[in-house]
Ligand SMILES: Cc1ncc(COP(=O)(O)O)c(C=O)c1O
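A single chain, nothing else alongside it, follows as structure tokens in the form predicted alone.
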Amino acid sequence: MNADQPKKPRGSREQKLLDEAAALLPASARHVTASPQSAMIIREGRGSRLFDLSGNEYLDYLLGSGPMLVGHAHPVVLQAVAAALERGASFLLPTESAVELAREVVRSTPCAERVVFGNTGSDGVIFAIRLARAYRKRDKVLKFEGAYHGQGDALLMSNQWTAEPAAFPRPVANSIGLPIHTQEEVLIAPWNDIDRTAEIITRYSDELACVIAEPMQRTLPPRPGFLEQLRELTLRIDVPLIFDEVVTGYRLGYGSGQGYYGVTPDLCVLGKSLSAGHPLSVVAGRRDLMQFAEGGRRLTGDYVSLTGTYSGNPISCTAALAALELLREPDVYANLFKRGQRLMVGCRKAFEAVGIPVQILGEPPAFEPWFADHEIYDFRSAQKSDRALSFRFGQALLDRGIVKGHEKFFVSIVHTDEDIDYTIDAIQDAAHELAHA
């Protein structure tokens, strides 16, 4: 990238498509930018770069909200998918690629004894909770305040968009259009507070179907011992622990977040980084939980339906196998962590140099600058950070040819040392601008 190259003005074709997107796509016409003037239509992605329809090039840390861990249009993935397309796209029946992928997920994921495929993180979470409810014969789900677990009715509660939290364990709906009874199915606990969580779990143990958590909640890592004690609590009362690893799966290591933090759940949901941008999720877990999905159980009535027309389709499975092949290459995670760590340190130093309080939280492959002078460890402490400054920071980076989400920096295995150098320089320049605004 050339830092001195001026941004090309938005062309008429791109503007026309932006206008049409706003008119036709109410849910999809979202922008990661802080101002409508900076909205864009993407023409293509290559490696660590995005290109808009007007010909501008951007260094990408949004990565499609995480999935592009191996970068955009990786040649290994493209070659594998092109060959698979020639054999057909969807059969409903199993394919060799689906069996191979299931085998590799079981081999690499600590909790996995059997797997079920889905298409999105949302349906993966719904499937996992359904299995837990079948096992426990109970309905209530405990989740952590501020965690996002997809678009299922019962999980659109007390997530990161909650404006006014309620007293624990009462949930707050994050959307209208949800059945009222769904709020009765969910309990909310504070992330990283094991004493309060244990109190809620103990009080409702006879009603709990499961506990679900992101092993790293958004970019808030678990405090030492938190996941271990949560695991001990749930084991003691035989309540399945589900790890939502849609974000952390294969991103924090080849054993995912559970391998990275050394805590094995009963069930997990994998997605995003697994399949290089192709629609795929995986529910993996203990044999005695997964057995409820066996087709023969339809005849006996103790059957859990976990299916979808495109679930485990050969194109997505082939893409995933190619992505996992890339992630097994020597030193790939060592280099990913090294570059991510250098970016985290560079970001912290840039804001410290201009006197802006910041905490860089997360892990090197996925982290976030939080603008606050108090400790941030859960949703409520994060709420008190300067979100307006975070938005302005994102816009300042975009002005310098760097795309990131409102929250995280996602680092890919194809970001180079030169990319990191450029980004640190841009962050220093942006920090100086924000400090003197």
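Since the structure is predicted, the reported quantities are computational estimates derived from the model, not experimental observations. Numbering starts at 1 and follows the sequence shown.
Below: the form predicted together with the ligand, not depicted.
Within this chain, H74 is remote from the site of the ligand in the model of the complex, having no heavy atom within 4.5 Å. Proximity of R218 to the ligand in the model of the complex: non-hydrogen atoms within 4.5 Å are present. With a 4.5 Å cutoff on heavy atoms, E214 counts as touching the ligand in the model of the complex. A residue is said to contact a partner when one of its heavy atoms sits within 4.5 Å of a partner heavy atom; S122 meets this definition for the ligand in the model of the complex. Only one of A320, V247, I242, M157 comes within 4.5 Å of the ligand in the model of the complex through a heavy atom, and that residue is V247.
Of the residues given (G150, P165, G308, P357), G150 alone sits with a heavy atom within 4.5 Å of the ligand in the model of the complex. The stretch among 295 to 303, 141 to 149, 175 to 183, 90 to 98 whose residues place heavy atoms within 4.5 Å of the ligand in the model of the complex is 141 to 149.
Counting a residue when any of its non-hydrogen atoms is within 4.5 Å of the ligand in the model of the complex, there are no hits in 155 to 173.
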